[in-house]
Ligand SMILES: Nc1ncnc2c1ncn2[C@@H]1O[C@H](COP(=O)(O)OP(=O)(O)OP(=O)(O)O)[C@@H](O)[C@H]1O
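Next comes just one chain, in structure tokens: the form predicted alone.
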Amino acid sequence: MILQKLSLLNYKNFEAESFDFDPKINCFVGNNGVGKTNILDAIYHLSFGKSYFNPITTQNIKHDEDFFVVEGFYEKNDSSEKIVVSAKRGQKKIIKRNGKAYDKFSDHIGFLPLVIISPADRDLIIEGSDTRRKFIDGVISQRDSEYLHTLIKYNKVLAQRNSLLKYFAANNTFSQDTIDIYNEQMHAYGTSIFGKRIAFVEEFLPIFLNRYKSISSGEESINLVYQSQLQENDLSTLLQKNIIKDKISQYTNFGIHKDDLVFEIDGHPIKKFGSQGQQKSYLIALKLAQFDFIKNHSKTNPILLLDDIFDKLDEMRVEHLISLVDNENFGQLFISDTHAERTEDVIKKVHQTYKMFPLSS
């Protein structure tokens, strides 16, 4: 799969711009603030229907404009594909494939597999469990549309149950029969999601461990541990046993929306006990394992976006990342950096075609 051309209209800081890409390596270079990351984000937008860095649609529209349009022209499986994402203030976002709008955005997820490696990924280590659940869900959803649909249904029922708990508290009332309806639905959807998350971690872990070993010079032992309340009991039982706590807090305290991935090094949380270098290696291994996992299931090379990595990673790790394009069947790569010469020096070490895109304010 190759992104051949990208066109932007009123997207973030771009008024009107288009790019024709090399099938292997493409580098956006220029000072901070000129829009390098915004171009990568536009490519991400075409795969996921949303921004990686700012999911609020209207904040991706150029200042003083009413709409944005992002167009991507792809070659996939010997066919031409045109994807358009557009948004207008006060209206719903639209995603079109070859001129036909999707009824559900979720139907588009996985069609254009993509992995991004960015300094923002550090949130996976320092932020709460919600960020790590989104990582799990994002990887599984790119290869399992049924999982994504089930997750959407679960979250909808969860929101309805929480609203019901607030209603009970506000009106000093309670209906067990009504709660049971939501409990049954959450149990069905949550049990399915739980099973698929377990299966994912079992398959993903050895891929991840192998990636970490290949990019780390250390001998430390790392691990990825899936934690879920459903490992203690089935969801239906948990919801029934904890209804008093839910009524007091006006919130559903048990379910797969509380799951977490624990990142460990030598048996301890990497957030507290891992050096900066170890944390960086951990995150890169995590994202490259994501690439491998998606590629194995989709039989397609995902597009790989490397955002601002030269400023955030040491030269050894950067060269390792770039060498992957040379040593393995990695597909198309997009890079952003502030120094054109530095970028080109590294790119020249691999034997692939490339294009440089100098940007200025």
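Since the model is a prediction, treat every value here as computed from it, not as a measurement. The numbering used is simple: start at 1 and walk along the sequence shown.
Another form, the form predicted together with this ligand, is not on view; read the next lines as being about it.
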| item | value |
| --- | --- |
| This ligand contact in the predicted bound form: His63, any heavy atom under 4.5 Å | yes |
| Contact of Gln352 with this ligand in the predicted bound form (heavy atom, 4.5 Å) | no |
| This ligand contact at Ser51 in the predicted bound form, heavy atom, 4.5 Å | no |
| Proximity of Gln332 to this ligand in the predicted bound form, heavy atoms at 4.5 Å | no |
| Site test, Val115, Asp121 and Gln290 vs this ligand in the predicted bound form, non-hydrogen atom cutoff 4.5 Å | no |
| Contacts with this ligand in the predicted bound form - residues in 152-170 whose heavy atoms fall within 4.5 Å | none |
